[in-house]
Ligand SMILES: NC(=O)c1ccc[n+]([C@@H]2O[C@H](COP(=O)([O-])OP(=O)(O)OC[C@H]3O[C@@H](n4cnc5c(N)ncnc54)[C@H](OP(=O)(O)O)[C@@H]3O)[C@@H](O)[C@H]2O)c1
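So this first bit is one chain, no partners, the form predicted alone, shown in structure tokens.
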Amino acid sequence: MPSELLASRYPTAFITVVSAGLGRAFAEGLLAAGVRVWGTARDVSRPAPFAGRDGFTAVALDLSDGDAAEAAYARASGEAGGFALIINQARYGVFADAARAVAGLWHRQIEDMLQATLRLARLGLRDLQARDSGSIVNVSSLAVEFPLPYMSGYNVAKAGLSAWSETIAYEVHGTGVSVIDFRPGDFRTDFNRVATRDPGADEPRFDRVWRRLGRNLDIAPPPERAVADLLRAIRRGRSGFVRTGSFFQTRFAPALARIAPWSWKLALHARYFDLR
């Protein structure tokens, strides 16, 4: 589907957290295709690359304040005349031992990434269902299939988001609304650099995994690959889940996991993340 047809089908899009990473890349890709984008950030001065950009509207929205986030979405939707495409994405890393992570920080991660995200997703879904058209994209993670060590809160939140996506895909089946569970692997973003690391975990194994995660991001594909896969998925206009990332993460590892016993998957994880 050419860009002009994409913009015709999805003239308006709402994207959470566009100040950096994949959210910023998604906004860039949609703006280039002629889609008008409403993008959120806690501090609307942060989406500086979009300042004054034709077709872009900044929305101040903090996922940690659910009531205010819902109100901000409602205002943006009214201004846009409704959204044809809604992309819910938030990548908030807390790197800590599962049993010893600070409880408040661990719970806040799940609150922001899952419960607050679902509050907005439910509002957006109602809008799409009222018009019987459009697409909602929930950006989960390949961590749904291959959990990241020392990132239990992130894994739980993304798994919950994927489960919700599959549930609503059943509910809207046969209507004009599509649901995409978008599962990125590693991409060359600042994810690890902005992640919160538990300062109390200083054992060598913890440090090795942290360094390995950083190296994986350094050699990962650029965000533009995720953008291309996202645009391809929404052009199809069908519900489903989409893996995006390197060949190893999106093709080889899932294929091996389907045919190999769980012990093999555990061994592969241990080697991949340097869990000696």
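None of the values given here were measured: they were computed from a predicted structure. Numbers follow the displayed sequence, beginning with 1.
Form predicted together with this ligand: not shown, discussed below.
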query	finding
Touches this ligand in the predicted complex: L61 (any heavy atom, 4.5 Å)	yes
Non-hydrogen atom contact F95 with this ligand in the predicted complex at 4.5 angstroms	no
Contact of D186 with this ligand in the predicted complex (heavy atom, 4.5 Å)	yes
Proximity of L114 to this ligand in the predicted complex, heavy atoms at 4.5 Å	no
Interface residue in the predicted complex among F206, F146, F191, W164, criterion: non-hydrogen atom within 4.5 angstroms of this ligand	F191
Among the candidates Y150, F83, Y73, Y154, the residue which, in the predicted complex, approaches this ligand to within 4.5 Å (heavy atoms)	Y154
Which of 165 to 173, 123 to 131, 73 to 81, 138 to 146 lines the interface with this ligand in the predicted complex (heavy atom within 4.5 Å)	138 to 146
Site test, L5, A33 and R236 vs this ligand in the predicted complex, non-hydrogen atom cutoff 4.5 Å	no
Residues in 213 to 236 with any heavy atom within 4.5 Å of this ligand in the predicted complex	L217
